[in-house]
Structure formats: C-alpha cells, structure tokens
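Presented as structure tokens, the chain that follows is alone, the form predicted on its own.
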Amino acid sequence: MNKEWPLWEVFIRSKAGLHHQHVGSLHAADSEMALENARDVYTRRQEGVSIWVVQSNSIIASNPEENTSFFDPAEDKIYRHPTFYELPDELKHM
C-alpha cells in the first residue's frame, strides 16, 4: 500500500488584478490540507491574496518537441494579438 501523500502544485496571486503564479509544490493528504499548508509555507510574509492548489497528476502539458506543429495554427491569426490597440495609461496589469 502506497502511504505517500499526493504532490500538489501551488499558485499564488500576489495582488488583486494580477494573475496567479506557480510558486512551488508540497505533499498533502487532501485539498484542504494542501491549501492550508500552501498558505503557511508560501504566504508567511503576506505575499498573497489568493491561493490555488492542484494535484500534480491532474496537470496536462503540451509536448515541447511538438511546439512547432502544436502552436503553428495561431501564427496566421494576428487579429488575436492585441497589438493594434492603444491602452490608456490608467489601465494597469495588462
């Protein structure tokens, strides 16, 4: 019987309006414990306003060896990139 707790990935949002960033990993028995441990380990100096935890085995990633074919369809859709818009100075975190 495997008694090792699952590995959880931790994401912290440091300020309102910003995106969550991966800050590390930890082992925990369940999601509640993972969230509490993440708070205790990664926000000791009040660095965060929001925490996400997700089991590592639930994360699916693209294959770096297939980047050319995987991301190629987006290259011909320049309208999806906001390079044509000027943002006002008042708009922050974009």
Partner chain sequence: MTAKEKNFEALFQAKIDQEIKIEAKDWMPDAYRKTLVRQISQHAHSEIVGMLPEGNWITRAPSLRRKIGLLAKVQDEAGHGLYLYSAAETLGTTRGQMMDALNEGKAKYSSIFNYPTITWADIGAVGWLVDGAAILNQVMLTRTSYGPYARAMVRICKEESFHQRQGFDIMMSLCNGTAEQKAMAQDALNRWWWPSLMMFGPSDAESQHSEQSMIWKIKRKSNDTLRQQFVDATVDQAKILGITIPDPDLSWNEEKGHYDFGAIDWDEFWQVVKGNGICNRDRLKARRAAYITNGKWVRDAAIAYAEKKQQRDISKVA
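Under this definition, the rigid core comprises the largest set of C-alpha atoms superposing within 1.5 Å between the forms. Remember, predicted model here, so these are calculated numbers, not experimental data. Numbering follows the first chain given and starts at 1.
This protein has a second form, the form predicted together with its partner chain, left out of what is shown; the following refers to that one.
Trainee: Any chance Val49 has a heavy atom within 4.5 Å of its partner chain in the predicted complex?
Mentor: Answer no; every heavy atom of Val49 is more than 4.5 Å from its partner chain in the predicted complex.
Trainee: Could you tell me if Val23 has a non-hydrogen atom within 4.5 Å of its partner chain in the predicted complex?
Mentor: Yes - in the predicted complex, heavy atoms of Val23 and its partner chain come within 4.5 Å of each other.
Trainee: Would you please decide whether Val54 lies within 4.5 angstroms of its partner chain in the predicted complex, comparing each non-hydrogen atom pair?
Mentor: Result no; Val54 lies far from its partner chain in the predicted complex.
Trainee: In sequence order, which positions of 13 to 44 have a non-hydrogen atom within 4.5 Å of its partner chain in the predicted complex?
Mentor: The stretch touches the partner through Val23, Ser25, Leu26, His27, Ala29, Asp30, Glu32, Met33, Val41, Tyr42, Arg44.
Trainee: I want to check Asn67: does it shift between the shown form and the other one by 2 Å or more at the Cα, with the core superposed?
Mentor: The answer is yes, as the C-alpha of Asn67 shifts between the shown form and the other one by 2 Å or more after core alignment.
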